[in-house]
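Take a look at this single chain in structure tokens; it is the form predicted on its own.
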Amino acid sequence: MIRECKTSDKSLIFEIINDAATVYKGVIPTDRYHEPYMPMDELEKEIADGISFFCYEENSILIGVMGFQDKGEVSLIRHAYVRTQHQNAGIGQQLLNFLKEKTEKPILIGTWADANWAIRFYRKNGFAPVNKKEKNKLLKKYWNIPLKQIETSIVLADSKWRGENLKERP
């Protein structure tokens, strides 16, 4: 079952993110990886900044989470993680499809450029990388991340963003 996370789920969101994010160790810049990967105060800040988390729940156990953030003219997929022991079972895809149905707006996703598994996942689900100039512009406009992270990240966009019918992008 997929549902919007409640305030009482915060510690489980924290647990899932930090379990799944261990895959970044040794892959992303060392100054960007720390344990926990996302401290509780950072998670609380992300929620306060408008990220709504949705969870995949099975037998009353939260298995995966994915954040969704409305940024006006676009929606962002943020912090997509599935517990390590449940990965590659279609849970991330179900969460992504659920969130794609929640908006008519173009969807953007930012991830680490060296997270090849994540990029493959998003490409398989209809997203494609934007060019470097556009990536830098989008990361500065819609995300609040340091310059080093902008340099080592990628932005993927859905077909609505890439559509020929878009006259002017934000």
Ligand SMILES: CC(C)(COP(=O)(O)OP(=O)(O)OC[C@H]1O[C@@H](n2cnc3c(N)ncnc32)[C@H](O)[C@@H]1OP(=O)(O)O)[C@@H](O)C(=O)NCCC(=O)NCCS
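Predicted model only: the values in this text are computed from it and were never measured. The first residue of the shown sequence is 1; numbering continues from there.
Below, we turn to the form predicted in complex with the named molecule, even though it does not appear here.
- Though the partner is left out of this view, Trp143 does not reach within 4.5 Å of the named molecule in the predicted complex, counting heavy atoms only.
- In the predicted complex, the named molecule sits within 4.5 Å of a heavy atom of Gly110.
- Of the heavy atoms in Val74, none are within 4.5 Å of the named molecule in the predicted complex.
- Although the partner is absent from this view, Ala20 contacts the named molecule in the predicted complex, with a non-hydrogen atom inside 4.5 angstroms.
- Only one segment in the set 121 to 129, 25 to 33, 54 to 62, 98 to 106 has any non-hydrogen atom within 4.5 angstroms of the named molecule in the predicted complex, and it is 121 to 129.
- Residues Ala80, Tyr81, Val82 of 60 to 84 are found to place at least one heavy atom within 4.5 Å of the named molecule in the predicted complex.
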